[in-house]
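As a starting point, one isolated chain is supplied in structure tokens, in the form predicted on its own.
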């Protein structure tokens, strides 16, 4: 007999059976992927244009995202207010997001609005107005946002870290750009980027929800059939050489009188397509990906240095990154850095995961995994991963069994290959007068840096 004081028994993970994807490529090169889900009378529409911040010119960081932000400021016969009203009448709104590898346009609407919503989306990508007044407003808003981010230690740390580990690689800057680069962007730059980079070739239209494949293909043909732009060829992924790991160093961004230090520790990692994916994320869950992970227990529970510390892999198309991030009290900065490096070394050394640690990490990943595929929007976002990274259709079906099949030896092996604490870059945003000497005592070069944000 159980009582309310007894912890519930953890049951087995549910297996995922990802729905079938119907694919068709239209004459202009647009890929149309339909995922019928006859449950609720809604559909999620997601258009992926394979151009993102990694396609920014070297002297125009942020151009891709500024261009994307301009597209719904007026298109076809409608200005920005009329576009918003048209989406509002269908009970939806358009979300635009620029990431490193692609730009995403998404919305969820009632199924009966599939055709008019695709028509609006087609206007936005095919015939944006790109008017001077709209550009001035969008750029001013971007500059104001960047000036606000300068005041946030976490944003400064993120920018310094990405720049440090990727250097001049296309992944070496954020999608927002910098104040200097955005100030240098002109309307002609935006118009040129849109004309050169946005086109149906390589783009993918995903529609999931209560519809049929034939209806999706027909509606897409009507809406996007006249989209005949030809984007410039993109360099092969192999041409995007990832820089080698930098020498071990600590980059210190001075923030006088800061009571806390913002920390980033890590290095370049593998791409999403790595065959080590399941072992990597399981290892990460045990190391720093959950509240009970090793690094969080050490820094928060045992030493009381932070409210929380976490690790993560950001797995992009060509490469990725491994990062530990936390904020600690200023006088414990060097101690926290040392503890993080110790834990990174331990998981790839003698401190192999215990049976309990491995089981907890696996359970944290698999027991709720099926909840990621409950709605049309979740299915569309998952399908987008397949499109952007070129993953096989059974990617999500294999997740639970492959994670559950891992052994402690598998996790240790991947930690040895994927983690390089001796070469990890450390970024500290804190009071140099307070933390500089103790950081130098760690035996690494401490280099003062400034951040262009």
Partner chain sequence: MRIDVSKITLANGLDVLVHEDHRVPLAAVSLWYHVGSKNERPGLTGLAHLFEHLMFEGAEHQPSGFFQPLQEAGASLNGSTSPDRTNYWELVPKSALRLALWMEADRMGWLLPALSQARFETQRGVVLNERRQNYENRPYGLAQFALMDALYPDTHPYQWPTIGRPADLAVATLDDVRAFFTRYYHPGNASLAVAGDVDTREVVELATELFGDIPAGPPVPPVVVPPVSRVARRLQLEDRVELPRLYLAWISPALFAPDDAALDMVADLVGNGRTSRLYRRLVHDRRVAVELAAAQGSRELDGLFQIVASAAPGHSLDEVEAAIYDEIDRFVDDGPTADEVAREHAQAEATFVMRLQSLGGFGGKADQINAYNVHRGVPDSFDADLGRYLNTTGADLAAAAGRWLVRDRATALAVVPHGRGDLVIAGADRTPVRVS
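Numbering follows the first chain given and starts at 1. Rigid core (definition): largest C-alpha set, two forms, superposition within 1.5 Å. All of these numbers come straight from a predicted model, not from anything done at the bench.
Quick note: we don't show the form predicted together with its partner chain, though the next part is all about it.
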Exercise for review: Please check if residue 92 has a heavy atom lying within 4.5 Å of any heavy atom of its partner chain in the predicted complex.
Suggested key: yes
Practice item. May I ask you to check whether residue 42 falls inside a 4.5 Å heavy atom distance of its partner chain in the predicted complex? Key: yes
Review point. Should residue 117 be classed as touching its partner chain in the predicted complex when contacts are defined as heavy atoms within 4.5 Å?
Key: no
Review point. Using heavy atoms and a 4.5 Å limit, would one call residue 81 a contact residue for its partner chain in the predicted complex?
Key: yes
Review point. Looking at 268 to 276, 345 to 353, 168 to 176, 137 to 145, which one sits within 4.5 Å of its partner chain in the predicted complex if you count heavy atoms only?
Key: 137 to 145
Practice item. Tell me whether 150, 255 and 291, taken together, all sit within 4.5 Å of its partner chain in the predicted complex, counting heavy atoms only. Key: yes
Point to revise | Position in contact with its partner chain when the complex is considered in the predicted complex, options 197, 106, 98, 327, heavy atoms within 4.5 Å | key: 327
Check your understanding: 312, 375, 155, 218: which sits within 4.5 Å of its partner chain in the predicted complex by any heavy atom?
Key -> 375
Check your understanding: Looking at its partner chain in the predicted complex, which residues in 363 to 396 have at least one heavy atom within 4.5 Å of it?
Key -> 363, 364, 367, 368, 370, 371, 373, 374, 375, 376
Check your understanding: Can a Cα shift of no less than 2 Å be assigned to residue 257 between the shown form and the other one, given superposition on the rigid core?
Key -> yes
**Study point:** Did residue 229 shift 2 Å or more between the shown form and the other one, C-alpha, core superposed
**Key:** no
Practice item. Align both forms on the core first, then report whether residue 368 has a C-alpha shift of 2 Å or more between the shown form and the other one. Key: yes
